[in-house]
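Shown below, as structure tokens, is a lone chain in the form predicted on its own; questions about how it binds or moves come after it.
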């Protein structure tokens, strides 16, 4: 890749903008931007001293890495084109809209000898990273019950909104809740059964939706995942409660306090740690994520989120949608 990694961004919306800033912070050479809206591509390119390219093929000829910040239905075909051109791929979540497409993306990158990173940025948020480290280090003992919350306003509404078209976005469950599916899998391992319930707006052009998804893990742990595109503009709330055999961790974005960790009394009589805040990072998590990708591509180290991880989270989302259709619990292996 030469002295500096050459990166191209596809998509000049909100994710394209934050990824572009992340690549610049990582020390990569942001070569250019492609977007269906030419004016937005030119504006983003100008901000970072890059070029606005006319199309994806022109961009692929000039870069080492392509970063796909585009509607979800474009992830699969654009990844295949980038892999065929011998370029590493960074792709927003969800990985794809079907298991078959996700598998083909992985195979195409493997055959081409390029790497694929799916941007499940939740793993890089400081509160979630600190909690995951506490789980991995055994401070909570055996995981038992987890609860996750992610509720916001609809990203965009109206007849032109690709978010409201589930054939393009996967809907709220696969677009928004997939964050927490990925995180839950990273803590408790494979899921055996998925059960979902949802309430939706009756307006055909609306993406407003609220869902509860229950995950039963092969380990015996359980998780309740709450998600919704239902709140007024500007509202975004997240949080989690993680309970294990030896303690619990909780965090809520509505609280002004940091993560709290509660450990049970030990047999040696030690006092429990109540309300102990964990040190958190101040760097923007999207920048942290892109810096990780940059370092892993340079060094060859393993990505924190593997393509197989992203495909597993997608399966959970598709199983939840299947549960909504059928009214029964669904095994992730049942969905395609």
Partner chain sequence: MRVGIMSFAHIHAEGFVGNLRAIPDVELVGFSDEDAGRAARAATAFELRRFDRHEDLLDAGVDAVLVCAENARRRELVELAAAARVHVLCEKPIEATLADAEAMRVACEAAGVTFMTAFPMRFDASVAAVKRSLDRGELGALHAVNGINHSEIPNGHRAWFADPELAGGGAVMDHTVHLTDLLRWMTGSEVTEVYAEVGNPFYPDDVEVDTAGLVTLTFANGVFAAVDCSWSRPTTYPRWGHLKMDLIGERGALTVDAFAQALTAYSRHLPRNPTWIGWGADPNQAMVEEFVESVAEGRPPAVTWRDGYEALRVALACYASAASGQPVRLDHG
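Numbering follows the first chain given and starts at 1. This is a predicted model, so every value here is computed, not measured.
There is another form of the same protein, the form predicted in complex with its partner chain; it is not shown, and what comes next is about it.
- Contact with its partner chain in the predicted complex, judged as any non-hydrogen atom within 4.5 angstroms, is confined among 93-101, 188-196, 78-86, 128-136 to 188-196.
- The three marked residues, 12, 37 and 286, fail to reach its partner chain in the predicted complex, with no heavy atom of any inside 4.5 Å.
- None of 239, 71, 144, 155 but one reaches within 4.5 angstroms of its partner chain in the predicted complex through a heavy atom, and that residue is 144.
- Shown alone here, residue 115 lies farther than 4.5 Å from its partner chain in the predicted complex, counting heavy atoms only.
- Within this chain, residue 250 lines the site of its partner chain in the predicted complex, having a heavy atom no more than 4.5 Å away.
- Although the partner is absent here, residue 168 lies well away from its partner chain in the predicted complex, with no heavy atom inside 4.5 Å.
- Among residues of the shown chain, residue 223 is one whose heavy atoms approach its partner chain to within 4.5 Å in the predicted complex.
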